[in-house]
Structures are given as structure tokens and as C-alpha cells.
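In C-alpha cells, the next block holds one chain alone, the form predicted alone.
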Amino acid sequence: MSETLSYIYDSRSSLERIKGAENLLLSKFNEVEKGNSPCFFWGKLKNPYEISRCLITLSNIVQSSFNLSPFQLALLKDPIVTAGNNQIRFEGFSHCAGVYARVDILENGQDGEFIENGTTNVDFNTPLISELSKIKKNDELVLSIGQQEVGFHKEGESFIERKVPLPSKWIKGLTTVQHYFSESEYAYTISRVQAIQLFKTIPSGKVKTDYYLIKRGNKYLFSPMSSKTSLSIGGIHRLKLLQPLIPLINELKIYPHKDMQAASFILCFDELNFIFSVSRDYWRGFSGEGAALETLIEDLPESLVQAFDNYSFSNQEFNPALMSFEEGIDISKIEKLSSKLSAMGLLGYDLAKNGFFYRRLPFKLSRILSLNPRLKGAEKLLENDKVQIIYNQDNKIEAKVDGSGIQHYVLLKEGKQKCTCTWFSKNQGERGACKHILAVKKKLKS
């Protein structure tokens, strides 16, 4: 499997000024065709100034990297957009996949028509970003997501689309981030003034040590010293990407991962949210974490996945109770689907609503499922009969797995798991299970 997916848009994106109003039309790309409409959404955005600034920040995040060389940064990437359930979401990663951002335009933040629900890749080139930076508070901005135009056009100028590669690590990272979101817990809501003060405490330069979010009285600050109630944030210099937006927000909400493997923030505007999440360390990308791997080892009936996909595409939401009733599937089985379906790229997670939403990534499921080498390694071990269960009693399982000239031993006991391999020794389970543990668990399910 190639490390990049090359694609060409069916048309070119465009930005026009008609009678003083800005019209933004974004070209789409999708490996999965669920409908025939050339346009997903068309309508007016109610907060064009804030939205344009959020999209510019998203573009800056997509163009940034915190662990790659300038040569590796030569190719810039484009965000993904979802239109459905009366919301519009733009999302993307830094080039190193260690920073995730999403712009959520909420239901009352736009006045338009959702012609068809869908998810696609969109083109964000330099001329478009330049034009977005010129949007003022009193300007009108109309957004159309589809194929209705063939270029970027503004006041007689045209901006030509180019072919770009999309990293496969983005696809892996998108599924991991949703898993981390679902395991994150609300911690604080702070005001605009408090947020401005907080961001002034970010140290200059690249920070290689951990910093901690600490509350002292009515103030918040980032400190190199931890406390019992502090929140750990690795690579805190990455938060500088948010500084242009902080003076514009209403409030800032903070959600640490339960095991501090990520830190997430919601910048709240009027009918608009900007979600920002950073991985545990600046050199770690979400794509390599493997947090959702164990949800992929259990095979689901194709009929169940198809039933879910059809239901959710029609309703654009994940409602376990309603789906159970309409599809005649046991509710306990439906609820267990969420992590699996998120790992398959069929669900996103909304931190603000504390629940999943339907967002099918614009790639074939076979592409998503084939991307993780540890999962493929586990399957190869099983195919070659390298896994032997030597003890399985009293909630304790011991197994022997043949490796390359060495035997690895796996222990599963009371919810904990261990392996004698180098991967587990180095990461202690913080970046997902090794292929040996995955193989043992899959063998137990077979």
C-alpha cells in the first residue's frame, strides 16, 4: 500500500465577488460515491470574519510540522470537509500528524441548503487563503461545497487547482483522534480574558519538556512544575498556532485525555467551534498511536456494517437506541459498535456534545483497514500459526508467539496486558497493543 493517495479534483475550487458578496465554492474528491449530486451545500455563512480566520488557522496547522525537515514539508496538504446533519465541519492535521484541528460551523451559523450529505477533500491553496484574509466583519460570504465551478475566480483572476498527494497517515490519525476524544473528560471552561492571560505564559522557542496547565485562584497558567490537579501537555509550543484566534473567542473549554495521551481544546465563537488537539509529545503523531487497534481485531458481519452505514448516511447521526429499533438489532450490540466504526472511519466524535456523529471518510473501507502494520502483522502471525495459547483459566491468559528467531510471551490478566517484545518494553502499552498481543486477542475471539 502506497504511503500517499494521489487524487485529482473533478473541478477547481473558486472564490468570486458578486454584488459585493464573496462566494466560496470548494471542489470535492471522494473514493466513495453515495449520491449523484454535484453539490453538498450552498448557503450564506453568518459569521464570515470569524469563520475565515478559523479556516486560515486550520490552513496554517495543515502546513505546519513539529518533527519533519524542510524538505519533507515541501508538499502541503488539504483539509477534509463534511456537510451533513445541518453542520459543516472542516478538519485536518499538521504535516507530522501530531496536531489535529476542526472547524465546526454549527446549525445556526449558516443559512443555506444541504443538498446532499457527504464528506470530501477540499483544496486550500495560497490564493484562496489570501482572499479569505481580506474578509471583513460586514462582508457576506456564501459557501458552496461541490463541483459547480472550475477555478478560483475573484475580480477577473483565476487560481488553478493542482494535483496533490494525501498522506495515508492522515487516515490513520483521523480514526485515532476520534478514539482519544471519546476517552477525554471535560476539565475547565475559561473566559476570553483568562485565555489571553494563559497563552501569554507559553514559553518561547521549541519546548522539549512537559508543561502543565495549572489553576491558581481565578487564573490559569502553563508551568514546567506539576501539581496534583495539573493537566499534562507535551510540546506546548504547538499551542502558539491558536494565538491569532484567542482574542476573538467567547470562551475556551479544555478536555484532557483520561491517561494524558492527548490534550484537546474547544475555542467557542458565536455558532462556531474550533477544536484543537495535540498528541502526548511533539514528535508523536496521532497516526502512529494505535489507540483504536484493538477495536479492529474483531470481525463484524458485513450486513451489520452495511445496515449501520445506510442508516447513518440517511440520518447523519449515530443514535444507538433509534438504530436498534429501526434495524431490529440488539441495543447492547449496537452500543459496542461505536469504537469499531470510529476506527473504520465511519464516525467522528463531537467533544461539545459528548457523542459520535456520522462522518464517513472519503476512502474505501479496504483502504482504511489495510493501513496499520501492527494489525497486518498480527494477522500474518495467525495465518502462519505462530500463536499458541498455553494457559486460559481464572481470567488469566498466557500465550507464546513465535517471532524472528525468538519467542515472545504474552500475559493477559484482569484487564492488563504484557508482552516480552521490544515494542511493549519501550512503550508499555501507551501507544496501543503490539502485534503479538493483538494476535493473541484475535485468536481468542476466533
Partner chain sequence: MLEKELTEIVLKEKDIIPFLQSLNDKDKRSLVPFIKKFRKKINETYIVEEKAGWGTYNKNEFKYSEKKRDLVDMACFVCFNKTDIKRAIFNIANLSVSDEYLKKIIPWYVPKWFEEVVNKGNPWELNYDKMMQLFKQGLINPSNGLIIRRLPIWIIERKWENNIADLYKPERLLKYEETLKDHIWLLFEEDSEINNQYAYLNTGNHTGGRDLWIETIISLVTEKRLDRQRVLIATIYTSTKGFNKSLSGWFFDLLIKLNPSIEEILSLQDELFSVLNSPHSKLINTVLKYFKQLASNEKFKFKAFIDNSSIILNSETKSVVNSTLMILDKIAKTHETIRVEICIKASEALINLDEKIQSRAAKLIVKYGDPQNSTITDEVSLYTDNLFHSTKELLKDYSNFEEEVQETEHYAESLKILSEENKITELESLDDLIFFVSQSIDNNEVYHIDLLLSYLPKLNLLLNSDNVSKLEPVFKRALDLSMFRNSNSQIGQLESDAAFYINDFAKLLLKKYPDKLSDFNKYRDTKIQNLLETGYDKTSIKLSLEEIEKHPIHDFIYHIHYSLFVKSKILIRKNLSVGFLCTPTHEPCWIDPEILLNRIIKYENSSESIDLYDFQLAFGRMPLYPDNKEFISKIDLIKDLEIRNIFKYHFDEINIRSVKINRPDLWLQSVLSKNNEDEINYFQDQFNYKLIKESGQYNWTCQLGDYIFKSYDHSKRKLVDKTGTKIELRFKDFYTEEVKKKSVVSSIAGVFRKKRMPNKISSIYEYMHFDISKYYVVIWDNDETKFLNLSPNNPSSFLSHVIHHNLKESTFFDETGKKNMTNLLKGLYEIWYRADYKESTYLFLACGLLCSEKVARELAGELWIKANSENNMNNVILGKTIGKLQYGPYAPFKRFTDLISANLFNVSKLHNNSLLIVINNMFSEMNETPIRGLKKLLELYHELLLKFPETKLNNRSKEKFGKWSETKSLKPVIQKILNISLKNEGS
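Positions refer to the first chain, counted from 1. Quantities reported herein were computed from a predicted structural model and do not represent experimental measurements.
Beyond the structure shown, there is the form predicted in complex with its partner chain, which is absent from this document and is the topic of what follows.
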Interface segment, criterion being heavy atoms within 4.5 Å of its partner chain in the model of the complex, picked from 200-208, 82-90, 345-353, 269-277: 200-208
Is Gln407 near its partner chain? Define near as a heavy atom within 4.5 Å, in the model of the complex. yes
Residue contact check: Val193 to its partner chain in the model of the complex, 4.5 Å heavy atom: yes
Partner proximity in the model of the complex: Val62 to its partner chain, non-hydrogen atom cutoff 4.5 Å: no
Taking any heavy atom pair closer than or equal to 4.5 Å as contact, tell me whether Lys258 reaches its partner chain in the model of the complex. no
